[in-house]
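The data below hold one chain only, encoded as structure tokens and taken in the form predicted alone.
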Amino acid sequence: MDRAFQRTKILANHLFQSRPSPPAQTPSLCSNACLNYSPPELSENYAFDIKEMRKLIDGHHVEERDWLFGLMRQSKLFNPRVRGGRVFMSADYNQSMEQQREMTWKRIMYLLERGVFKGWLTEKEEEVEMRRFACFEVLCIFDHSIAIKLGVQFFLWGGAIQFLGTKHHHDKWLRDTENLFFKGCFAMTELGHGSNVRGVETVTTYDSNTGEFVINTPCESAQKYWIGGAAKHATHTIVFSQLNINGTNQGVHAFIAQIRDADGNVCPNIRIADCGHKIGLNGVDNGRIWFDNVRVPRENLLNSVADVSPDGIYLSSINDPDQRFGAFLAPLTAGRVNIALIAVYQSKVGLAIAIRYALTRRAFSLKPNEPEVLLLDYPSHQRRLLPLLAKTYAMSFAGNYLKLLFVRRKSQSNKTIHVVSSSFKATFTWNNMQILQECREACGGQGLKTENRIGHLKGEYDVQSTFEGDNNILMQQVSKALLAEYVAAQKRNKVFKGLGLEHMNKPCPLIPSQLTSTTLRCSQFQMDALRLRERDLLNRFVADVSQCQAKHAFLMSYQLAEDLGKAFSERSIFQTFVEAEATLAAGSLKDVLGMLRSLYALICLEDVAFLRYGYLSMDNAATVRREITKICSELRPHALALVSSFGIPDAFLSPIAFNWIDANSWSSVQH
């Protein structure tokens, strides 16, 4: 009520401040002074070293990131334009679909010529893989299309050859993939089957007389669909197909097939159509492919998992069809990791723009003749943006953990990588869309302009919740994996180990009946609360599934599965936040990070599950909400420093992040 009263008073003052006063007090009429832009750096102080904060959240290869930003700034291919006396760089989305595709490819060739992709597929050191991730995180800040085109080339096409092929595949294909002599795509999704890869309808048989596989699209629903690179640039593809040997279906396998010659002509027995214009990512040439009894050599089967002898005998060291199928999905893990990381950096772009704008844009004055109030000085605006800032910092630390988990992978860690990457991909991309939407609204009408980036980024990144695994299905897989861990532990009568579930071996934590500010800001309490939710939901999920008929058990428990997946993800993310904070010595940097950590934990506690399942009382839930508002107020002086710590060069933000008055002046129209 207090906030509503204050808002009403501000509006009343604004509306009635120009009414005439009694004659004795009436000043001479004069116009209001024009608004002037004042850089936030003049009034905002940095309480901590933003360079040190950037090192912490980027995690690695800071110098290489800045080098790549500089490389893009040097070329007109990256569309530099002057607005408000500053140069800004982002793709020109007013171009036609064909123009966007052509520019995306020209930019990729520019980067190739300058050695950006060196070692990405031919060197296996951890440092090279981490450098590759850093480059993707930078490139996505400029444009999503360039990141996705490269992701298809290196993570999907190249990754499939790395993971599913053997030495002779590596020797023949990887170097020429790295230098873009071979331009690959990844033909898994079909018109009739997307998430259900096991159900793809493309069929491959083996001709022992010629030593060739014969790939066929038997019906329209089997056409390969949404294949990035297929419509224009790709010369080869990885085809995921059912393998039928001597009348027996051996399940989904992967084959290399050529779809264009060196001159760009479509190969015989291949049909390709364009998927057409999309709501975003029009710099990527998505296509559809039909195979009309296409013949490929026997060695084009990627055979690390299974092989076919020259005389047509099926061979595999993995007898279990489910395990064999899981092995064929390995390349998708790399794609999911990359998509999760890209989502974090788009959230950073949106927040950097929206918060900088909120530090210079004013609206309404508290009293007549007083200056209007900065948007970010309104508690409501702080509540809109600063929790999202905390969420983005949390995702940054979780993303760094995910990268290391992936590059240090071993066979025994595959399950953990699959579960964590599925969880983080879904959570990060959902968060990104929420963050971009709130940032767009927080910028008002200026957020609608394409040049100000945020509104357009929503269309560009919407697809992230669908490709490389539908988010809802990925979260169901997470819950299934947790269920399997629970059942296995009970059967073996052993403790929980892995996936961060070790807390299940300890006594169940309790939430105090009356929460205080001190308790709410305690990292141990925060961890206990998040573990309590995860633990209880896992127990409920196991009980719910066990009570249903086996055939439909999981389907009928989908709501608990969704809640459990979210609980696992947020607890895992929070754990990485705590670990990152623990690396810091006492000081202002750690103090501010501690506030962000508390804010992230408390917005997790606002989840409806804490009330739905009785973890928080109504009074405690209200206390949590009040504490969030208080922390937002305490973080307000650090807002500029926190977004400056993202390390995004000014040129890669937008005009409203800086002098938005000059950027919209008449002189800018004349130029």
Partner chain sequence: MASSVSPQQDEVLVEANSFARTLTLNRPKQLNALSFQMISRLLELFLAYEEDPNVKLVIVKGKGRAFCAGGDVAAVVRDIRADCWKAGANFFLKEFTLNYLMATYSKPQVSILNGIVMGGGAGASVHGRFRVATENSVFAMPETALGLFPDVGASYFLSRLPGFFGEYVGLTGSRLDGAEMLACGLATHFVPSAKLPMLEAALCDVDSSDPAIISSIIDQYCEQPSLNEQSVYNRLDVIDRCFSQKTVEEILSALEREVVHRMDGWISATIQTLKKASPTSLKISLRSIRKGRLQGVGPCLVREYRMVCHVMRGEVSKDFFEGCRALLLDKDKNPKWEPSKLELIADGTVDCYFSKVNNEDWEDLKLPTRSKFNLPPFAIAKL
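Residue numbers count along the first chain shown, from 1. Just so it is clear, the structure is predicted and the values come from calculations on it, not from any experiment.
If you look for the form predicted together with the partner chain, you will not find it shown, but the lines that follow are about it.
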Proximity to the partner chain in the predicted complex, single hit among 278, 362, 73, 295 (heavy atom within 4.5 Å):
73
Test of understanding: in the predicted complex, would residue 85 fall inside 4.5 Å of the partner chain by heavy atoms?
yes
I'd like to know if residue 610 sits close to the partner chain in the predicted complex, meaning any non-hydrogen atom pair within 4.5 angstroms.
no
Looking in the predicted complex, any heavy atom of residue 64 within 4.5 Å of the partner chain?
yes
Using the partner position in the predicted complex, report whether residue 51 sits within 4.5 Å of the partner chain, counting heavy atoms only.
yes
Tell me which of 632-640, 601-609, 39-47, 618-626 has residues with heavy atoms within 4.5 angstroms of the partner chain in the predicted complex?
39-47
Using a 4.5 Å cut-off on heavy atoms, what residues in 627-652 are near the partner chain in the predicted complex?
649, 650
